[in-house]
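The chain below stands alone, shown as structure tokens; this is the form predicted on its own.
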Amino acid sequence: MTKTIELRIYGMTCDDCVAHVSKGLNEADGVTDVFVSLKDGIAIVKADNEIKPEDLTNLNVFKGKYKAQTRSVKND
């Protein structure tokens, strides 16, 4: 079973920011797919059901310039 977690991402200003956030999310255990939108300021993450939103918002990529906040969680 998987879930879709939508995150609001703060601090992104360019395509390099999108790449950095995408890489940080993709490296997390249990994450299967990531889509990050600079225009909308969001990340949509497909992950194993065991992953909690706070597992993602507490990743190292969000401990500096970028911040993340959970917007929604849907079981697939």
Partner chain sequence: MYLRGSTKPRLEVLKMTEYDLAIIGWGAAGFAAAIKGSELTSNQMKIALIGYGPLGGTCVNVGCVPSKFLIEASKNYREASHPSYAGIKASASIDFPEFMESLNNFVSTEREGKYTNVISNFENIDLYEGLAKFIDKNTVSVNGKEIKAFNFLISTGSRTFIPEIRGLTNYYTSDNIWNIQKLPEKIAVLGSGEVALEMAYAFSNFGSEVHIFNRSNRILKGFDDDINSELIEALRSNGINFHLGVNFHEIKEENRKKTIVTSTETFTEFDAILVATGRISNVEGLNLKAAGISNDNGIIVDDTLKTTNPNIYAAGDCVRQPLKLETLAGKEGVIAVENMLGGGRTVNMNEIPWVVFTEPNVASVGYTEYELKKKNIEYSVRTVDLKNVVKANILKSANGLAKIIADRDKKIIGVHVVGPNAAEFIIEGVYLIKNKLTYNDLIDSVHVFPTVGESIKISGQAFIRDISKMSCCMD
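Given the structure is predicted, the values throughout are model-derived calculations rather than measurements. Positions refer to the first chain, counted from 1.
Quick note: we don't show the form predicted together with its partner chain, though the next part is all about it.
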Tell me, yes or no, whether Thr70 is in contact with its partner chain in the model of the complex, where a contact means a heavy atom of each within 4.5 Å.
yes
Interface membership of Arg8, its partner chain in the model of the complex, 4.5 Å heavy atom rule:
yes
Determine whether any heavy atom of Asp29 comes within 4.5 Å of a heavy atom of its partner chain in the model of the complex, and answer yes or no.
no
Please determine whether Val34 contacts its partner chain in the model of the complex, using a 4.5 Å cut-off between heavy atoms.
yes
Let me know which residues along 37 to 57 have a heavy atom within 4.5 Å of its partner chain in the model of the complex, or say none if there are none.
Asp40, Ile42, Ile44
